[in-house]
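First come two forms of one protein chain, each written alone as structure tokens, so that there is a structure 1 and a structure 2.
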Structure 1
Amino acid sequence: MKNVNPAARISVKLVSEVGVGTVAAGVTKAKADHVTISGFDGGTGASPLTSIKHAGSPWEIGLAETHQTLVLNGLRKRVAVQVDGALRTGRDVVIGALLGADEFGFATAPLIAAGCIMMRKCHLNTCPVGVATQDPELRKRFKGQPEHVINYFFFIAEEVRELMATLGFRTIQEMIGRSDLLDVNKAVDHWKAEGLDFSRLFHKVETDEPVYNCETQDHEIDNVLDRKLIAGARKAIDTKEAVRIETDIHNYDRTAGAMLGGEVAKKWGYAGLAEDTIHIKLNGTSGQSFGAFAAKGMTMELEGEGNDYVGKGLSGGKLIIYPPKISKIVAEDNIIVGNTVLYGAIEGECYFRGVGGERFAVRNSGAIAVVEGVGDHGCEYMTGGVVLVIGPTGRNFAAGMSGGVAYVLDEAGDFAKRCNLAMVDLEPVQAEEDAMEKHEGMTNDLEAHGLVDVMGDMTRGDADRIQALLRNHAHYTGSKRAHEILLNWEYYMPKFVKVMPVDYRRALQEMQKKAGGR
């Protein structure tokens, strides 16, 4: 994320519970700019009662542990610690600071100041006071004004100021981590509280170092490969002029393309640039997350091999990976990309000449991919897009797949056994003889029509769609396998299986009905 947007402050939200200090230390070492310790008292009105009542622990416990752990390990200066979870008063803020927080998250209370009445219907779009709804009629009911929230925070600030004056502090910084000043006896007088020992919660780690956030993390992104790519693509980014870059890549070049993608998106938004405006040819073995978040207009062609997380969060870019031309390995029998490829991709195209690892296209919501085989759990939790596998798959294919389609070349005829059929149906792929369609040029010659038609009506046109993808695949990667299938299409076509999520098909049909039965 820091790569996509180096200016962003990266925050990691952690549930307040025993052991959270260790996790906080870990994410701080992993360069988080900010951690949030979230207590169990807060929570969105949309969450189920069970979660509201039974998840997490009080923010005080998690915050104390986090602060102490960070101080003990000399990490406290590098990270900002925020606390949230039903903070309501200035007193909460002061206690939070004394236990070690730099920042304080308020949500419910300012929402209430703006008119929320805790209906707990945020997830139903029926908020009766127009706070948490997209319904234009209900939004008219919203009566909140910025001044209501400003007022609320003035009161908070005033109470904080009063308490600080009583404690003798001039700045919040002086107050952070002064847990020695806390006392429980006065506030809590209940038989259940008898015998509780707060000494560990209030323990103050002795150190000469500052115990608040006063440094920034060194993210080690000043000399990454993307700086070079951005320099090379400057013209394209500024003026949309097409560029071609060629360079080597190594397995320490992680997240290649992400920062460039961020630059493109910053300038041109999600619409990005025209297809292939920035063509990057790379040679070698990439590090993890090759092509992550690549934007529209970026084409990243890798001659060599990918790693895990290729195309993570892909946002419109095109990724092409094939083995080195001089290599003698049989591409379709060897791994070309690692595990969890296309995790959470939203748009774009991928052509991988070779076999992918496990969890291929997990949580893909809109990208198109062609690959010559995948490991276990392919297309897990997929919600959109098209995946074409022209080789064997591992087990548990399509687990939790609720959208998009996958085509699998099932030469051995045993794919049904390896597919998780809980949410999907398997259908044959048939040549479409719909003369009308052909006549209108809708399904004809897909390659000429490009992406739009590949992503067209998913309930039909399968054979044409597969062929178009194969042609692209052969064209971009030189895949022998794709070439052979196309040559012997009549033989291979019946061996393709279409994986169609049941609810996805129903939704598509309903949408078609609404659109006038087309």
Structure 2
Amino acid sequence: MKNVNPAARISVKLVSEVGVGTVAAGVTKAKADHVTISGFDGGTGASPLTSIKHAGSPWEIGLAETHQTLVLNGLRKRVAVQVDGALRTGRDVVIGALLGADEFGFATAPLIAAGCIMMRKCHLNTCPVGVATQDPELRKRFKGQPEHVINYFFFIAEEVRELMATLGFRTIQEMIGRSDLLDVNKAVDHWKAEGLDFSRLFHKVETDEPVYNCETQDHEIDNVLDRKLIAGARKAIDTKEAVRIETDIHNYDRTAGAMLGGEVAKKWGYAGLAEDTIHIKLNGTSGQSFGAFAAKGMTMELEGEGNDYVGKGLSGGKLIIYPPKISKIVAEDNIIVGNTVLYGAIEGECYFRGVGGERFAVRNSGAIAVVEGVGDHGCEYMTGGVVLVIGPTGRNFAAGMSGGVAYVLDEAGDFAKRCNLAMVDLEPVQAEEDAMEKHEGMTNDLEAHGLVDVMGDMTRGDADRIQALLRNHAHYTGSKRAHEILLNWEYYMPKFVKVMPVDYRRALQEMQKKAGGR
């Protein structure tokens, strides 16, 4: 995320619970700028009662553990620590600071100041005071004013200043981590607390280093590969003039393309650039998340191999990966990309000459991909897009798949045993002459995702669709496998299986009926 937008402040929200300090230390080492410790109280009115009553622990416990752990590991000055969870008064702010917080999150109390009456039905669109609803009649009832919230925070600040003066502090930073100043005797000596040891909760770690956020993280992104790519693509970013870049890549070059995609998006928004405006030819082995969030107009061609998370969040770019031309390996029998490829991709094209790892296209919601085999859990939780697999698949294919379409070459005839049929049906691929009759009156699957422009005129059905993908795959990667299937199409076509989510098909049919009714 820091690569996509280097100017952004990256925050990680953690639930207050036993062990949260270790997690906070981990995300701080991973260069998070900000950590939020969220208590069990407060929260949205849409939360289930079971979550409100039984999930998490008081923010005081999680905050104390986080602050102490960060101080003990010399990490506290590198990260800003925020606390939230039903903070309502200036006293809460002061206690939070004494336990180690730099910042304080308020939500429920300002909402009440603006008119919320805590009906806890935010998710039903029936908020009676017009706060959490899109119903125009209910929204007319909203009486809140910005001044109501402003006044509330003025009172909070005034109480904080009074308590700080009582304690002898001039700034918030002086208070942070001073748990020794908390008066806990009344609570600890209470008969209900008999036998409980609170010494660790109020322990003050002695250190010579600052115990508040006073440094910025070194995200180590000043000299990453993307800086070189951005410099080479500057003309394209500024003027939309096509450029071609060729360079080497190594497995320590992580998220290659993400920062460049961020620059394109910053300048041109989601519309991006024309196809292939920025063509990047890379040689070598990429690190994790190759092509993450690549924007429209970006084509990243890799002669080598990819690592895990290739195409994470792909946003319109084109990724092409194939083995080195001098390699003697059989591409369709060897891994070319790692696990969790196309995680959360929303648009774009991918052509991989070789086998993908596990969880291929997990949560893909709009990208097109061609691969020559996948591991277990392929197309897991997929919600859109098109995936063509022209090789073997692992077990549990299509688990939780609720949208999109997958085509699988089932040469062994046992794909049904390895596909999770809980939410999908398996259909034979229709020949060209049968396709129009079968799909008559039904919205084209690709058209529903705006992919016709990418793949050309493919309204004739599944067979044409697969052939178009194969032609692209052979063109971009030089795939012998794709070439062989196209040459022997009459033999291979009956071996393809279409994986179609049941509810997705029904939704397309209903949309078509409504469109026909108009």
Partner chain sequence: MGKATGFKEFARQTPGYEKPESRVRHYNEFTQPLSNDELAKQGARCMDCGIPFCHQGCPVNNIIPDWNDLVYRDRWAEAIEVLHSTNNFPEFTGRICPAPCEASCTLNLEDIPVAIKTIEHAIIERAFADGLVQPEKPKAATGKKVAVVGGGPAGLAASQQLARAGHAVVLFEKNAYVGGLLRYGIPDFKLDKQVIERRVAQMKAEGVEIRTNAHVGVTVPVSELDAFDAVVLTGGSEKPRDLPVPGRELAGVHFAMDFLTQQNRRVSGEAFDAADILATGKKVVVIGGGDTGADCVGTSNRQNAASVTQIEIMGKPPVMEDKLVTWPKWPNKLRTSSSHDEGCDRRWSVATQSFFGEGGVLKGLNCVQVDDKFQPVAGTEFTLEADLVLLAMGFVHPVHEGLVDGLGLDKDGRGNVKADTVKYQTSNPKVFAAGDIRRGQSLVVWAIREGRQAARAVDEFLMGSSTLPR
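In this text, the rigid core denotes the largest set of C-alpha atoms whose superposition between the two forms falls within 1.5 Å. The model shown is predicted, which means the values in this text are computed figures rather than measured ones. Residue numbering: sequential along structure 1, first residue numbered 1.
The chain as displayed in structure 2 is taken from the form predicted alone. Remark: with the core as the superposition reference, the CA shift of L196 between structure 1 and structure 2 reaches 2 Å or more. Superposition of the core reveals a Cα shift of 2 Å or more for P128 between structure 1 and structure 2. In this overlay on the rigid core, Q173 has a C-alpha that sits less than 2 Å away from its partner position between structure 1 and structure 2. Comparison between structure 1 and structure 2 places the CA of L138 4.2 angstrom away from its other position, after core fitting.
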